[in-house]
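Only one chain is included here, represented as structure tokens and corresponding to the form predicted on its own.
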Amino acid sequence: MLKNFNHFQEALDKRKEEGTLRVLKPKSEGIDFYSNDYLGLARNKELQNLLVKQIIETPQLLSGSTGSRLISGNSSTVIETENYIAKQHQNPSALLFPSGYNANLALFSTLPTRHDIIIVDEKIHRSVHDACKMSHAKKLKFKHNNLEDLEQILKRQNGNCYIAIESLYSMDGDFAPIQEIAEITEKYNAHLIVDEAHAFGVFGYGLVEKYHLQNKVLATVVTYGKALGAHGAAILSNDIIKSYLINFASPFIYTTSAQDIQWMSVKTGYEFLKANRELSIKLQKNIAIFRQQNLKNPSSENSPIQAIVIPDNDRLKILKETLLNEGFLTYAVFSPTVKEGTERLRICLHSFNTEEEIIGLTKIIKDFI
């Protein structure tokens, strides 16, 4: 039976005409200013050798988990890793997930009920928006990092409220005023949930831990596919929330657990991170070198993410291609992924970038602008 896919093709054709069609390409060779490997752990030979040694000693780490955590996939390795993570973050408990996206789906589709309200920063990650669609709760947005707007919205609510923020935002590369938001959340007896995907590892164990906010944050999401150079995520919370998610979160209940090598990589990554604190110091030096080039951008001065706004899709494509031709790998964010007029080149800085590379990159951008 022939099916009509015209509406799918029309949508794809429109994107192609606009030059925003997404396609999968082989990984490019060049100077990395686009990956989330902020501390270079994904390419670190010493860490890789540690993992290889563990695999040789325990080859069953590579075997499939054979089922969900609630059936046959709850190994001693994942339990040990969760306990280790909870202790490191000074939280009562940790619950591991295959990815940060999966963790956010579990949190926001499960905790809020139809009588509750989810108040999200307007620039929160797409995974939170998708999770809210799975929830029966009402979703509201507050202006990005705007404390006054958040408080005005909270004042008007009668129900139980959940506040969703990122500690470091991935598009603008700016920090949330997390301490002030925690105070407002506490003032209105709301629940704060913080996504630490881009802060974890770069700033110790993240800003919740840095500012000792564990008792003021209901749940923290830390992900391991960025600064830790691994994969997966953990929800840090109390024992009640962990048990509730195990019992009611569909993204947890109905997914096969990852292989033990993933959980072992996470634990080993933590240990390596503790033993190599100089990597984050080197990263901050590289961020300072970039900022000294005086490129106008909306990003925070200590952020590994530096956004250069080029408010035109066509001009942005030309700049990205120009950089690529010179061997620099960057990521262009086109509208409608961001608002029209705020298209940007998203530059990620790393501990392994050299001063020469950073200055070479910024010179091309300056000449273009």
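Worth saying up front: this structure is predicted, and the values here are computed from it rather than measured. Note that residue numbering follows the sequence shown and begins at 1.
One more form of this protein, predicted in complex with a small molecule, exists but is not displayed; see below.
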Could you tell me which one of Ser127, Thr255, Asn276, Asn297 places a heavy atom within 4.5 Å of the small molecule in the model of the complex?
Ser127
Answer key: of Thr223, Asn91, Thr185, Ser265, within 4.5 Å of the small molecule in the model of the complex (heavy atoms) is Thr223
Do all of Gln293, Thr330 and Leu361 end up near the small molecule in the model of the complex, with near meaning a heavy atom within 4.5 Å?
no
Any chance Ser170 has a heavy atom within 4.5 Å of the small molecule in the model of the complex?
yes
Can you check whether Phe272 is within 4.5 Å of the small molecule in the model of the complex, heavy atom basis?
no
Any chance Thr77 has a heavy atom within 4.5 Å of the small molecule in the model of the complex?
no
Using a 4.5 Å heavy atom cut-off, state whether Ala197 contacts the small molecule in the model of the complex.
yes
Quick one: which of 202-210, 98-106, 280-288, 176-184 gets within 4.5 Å of the small molecule in the model of the complex, going by heavy atoms?
98-106
